[in-house]
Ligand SMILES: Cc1ncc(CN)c(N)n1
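Coming up is one lone chain in structure tokens, specifically the form predicted alone.
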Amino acid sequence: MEEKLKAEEKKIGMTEAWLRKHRLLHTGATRHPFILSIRDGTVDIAAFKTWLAQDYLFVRAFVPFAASVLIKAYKESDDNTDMEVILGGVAALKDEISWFKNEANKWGISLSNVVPQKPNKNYCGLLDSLTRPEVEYSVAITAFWAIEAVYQESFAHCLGEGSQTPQELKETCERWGNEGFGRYCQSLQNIANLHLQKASDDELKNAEVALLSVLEHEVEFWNMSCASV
């Protein structure tokens, strides 16, 4: 049985195997009621504004984490394309922060007055813990991919066939739900899978825990947005 599981993991990749193993949690993170309310056009704009303001703070905390993954790729990966893919993601964060500022202005949100709520603080705490030097690259890149992939899958769903996403929210959904971002997430997943193939048993356990932590924090982040209304 164990050999069969390992063969399946090798065939589909460790990250996909974990997503299938933890399907309920993955679905909770990518098909959360907040996301579904955007897709069906019933979203409360107050909830959206809460998400927007809190996510701006999260992205700022995401920058040093992304930089730490880039450093780990430089030190621990033999494949130069790792750095190139991750560097592209890091470089895009400057534009992303500017986008959040513009959106906040559009919605009348004063970002200077936004205070991080507890779920946001907890999630940022996870990011901070993953920047530690002792965290293996395979673990960090798995978490990095998972964070990006949850948004890609969630917002792509808001753009899929039959969606009734409000016109004023389509730009937000397209930012993470577009095909280009999807290809970027696939590249990150490929990198993670490659390094997980060579990882020790302890590293695999740590990477799976990191993935689960990301999914749990994503659910709580969406919950936080809904709880504002």
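In this text, residue numbers run from 1 along the sequence as written. Bear in mind the structure is a predicted one, so any value in this text is a computation, not a measurement.
There is another form of this protein, the form predicted together with the ligand, and it is not shown here; the text below is about that form.
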**Request:** Name the residue from E153, E136, E103, E96 that puts a heavy atom within 4.5 Å of the ligand in the predicted complex.
**Result:** E96
**Request:** Determine which one of 128-136, 79-87, 144-152, 103-111 lies within 4.5 Å of the ligand in the predicted complex, judging by heavy atom distances; exactly one does.
**Result:** 144-152
**Prompt:** If you check in the predicted complex, is D55 within 4.5 Å of the ligand, heavy atoms only?
**Reply:** yes
**Request:** Look up in the predicted complex whether V59 has a non-hydrogen atom within 4.5 angstroms of the ligand, and give yes or no.
**Result:** yes
**Message:** Is E208 part of the interface with the ligand in the predicted complex - any heavy atom within 4.5 Å?
**Reply:** no
**Item:** 4.5 Å heavy atom contact, F65 and the ligand in the predicted complex
**Value:** no
**Message:** For a quick check, can you give me the residues of 108-126 that have a heavy atom within 4.5 Å of the ligand in the predicted complex?
**Reply:** Y123
